[in-house]
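What follows is one chain in structure tokens, specifically the form predicted on its own.
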Amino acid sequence: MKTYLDCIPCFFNQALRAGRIATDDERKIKRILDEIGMALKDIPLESTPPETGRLIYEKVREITGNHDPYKELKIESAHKALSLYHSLKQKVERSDDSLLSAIRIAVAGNIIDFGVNRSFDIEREIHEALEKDFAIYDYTKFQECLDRTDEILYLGDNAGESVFDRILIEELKKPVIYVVRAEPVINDVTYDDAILAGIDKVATIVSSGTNAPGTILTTCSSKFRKIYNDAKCVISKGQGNYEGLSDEKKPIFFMLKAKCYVIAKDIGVTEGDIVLKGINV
């Protein structure tokens, strides 16, 4: 996905929010905004939003000296999600279609995004996701892709969300490679976050090798790119991964809630819609 003009104010909002979480020093926050502003004029619209996001959060780390400003928020959201784990497992087990219910719960978890949302009600989101119609619903194609492959590549998104990913992974009934960010960026899931969520109990955890808030293949490690290239069925969670991979030419299923009207328009849905969209399938 390319960068739209409407993305530019959002970049500044993200930089300001991250700066305020990272430090109380107004001069440092002003410097972050100044340097982001100077850098944005040279960023082509053809670049993906996560490429710019990578620059923003590198600046936040560099100027504030805070390597992981969202750490406490990530832990808090993970513990909240873990407190819901057993009740959500029961919902899945009692449903008529346990795989579909697990997908809905995983998509509901996608609301845990501090890059876009300042606040959210995860229990309300779960209730809505269990009842709401998908705007794009490639469920049959997803089932067919599962049947054709012996292993799933699952691209994680946010830290607390990974608890809900775990519920879906347990319903896939296939070996899963779960991909995390190499370094902290916003509240995206890292290795430690995945361990806290219990992902190590149900999948093999692998780093993408990038510190971008999305999967930008050119910035990923050669080890991850080989895994990606060999994968026959990919689950891509969240907006950042969609932004980085929407133009790819391999079977990918995007699972997300459209929390941004720009991304919603790019996908062809309405802001607030939930999506199970397959490409090249």
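Start at 1 with the first residue shown and count on from there. Because the structure is a prediction, the values reported are computed rather than measured.
Unshown form predicted in complex with a further copy of the same chain; subsequent notes refer to it.
A residue is said to contact a partner when one of its heavy atoms sits within 4.5 Å of a partner heavy atom; K30 meets this definition for a further copy of the same chain in the predicted bound form. In the predicted bound form, a further copy of the same chain lies farther than 4.5 Å from every heavy atom of D68. a further copy of the same chain is not drawn, but in the predicted bound form it has a heavy atom within 4.5 Å of N13. Although the partner is absent here, L217 lies well away from a further copy of the same chain in the predicted bound form, with no heavy atom inside 4.5 Å. The partner is not drawn, yet in the predicted bound form one stretch among 41 to 49, 57 to 65, 245 to 253, 232 to 240 has residues with heavy atoms inside 4.5 Å of a further copy of the same chain: 41 to 49.
Contact residues in stretch 1 to 34 (any heavy atom within 4.5 Å of a further copy of the same chain, taken in the predicted bound form) are K2, L5, D6, I8, P9, F12, N13, L16, R20, E26, I29, K30, L33, D34.
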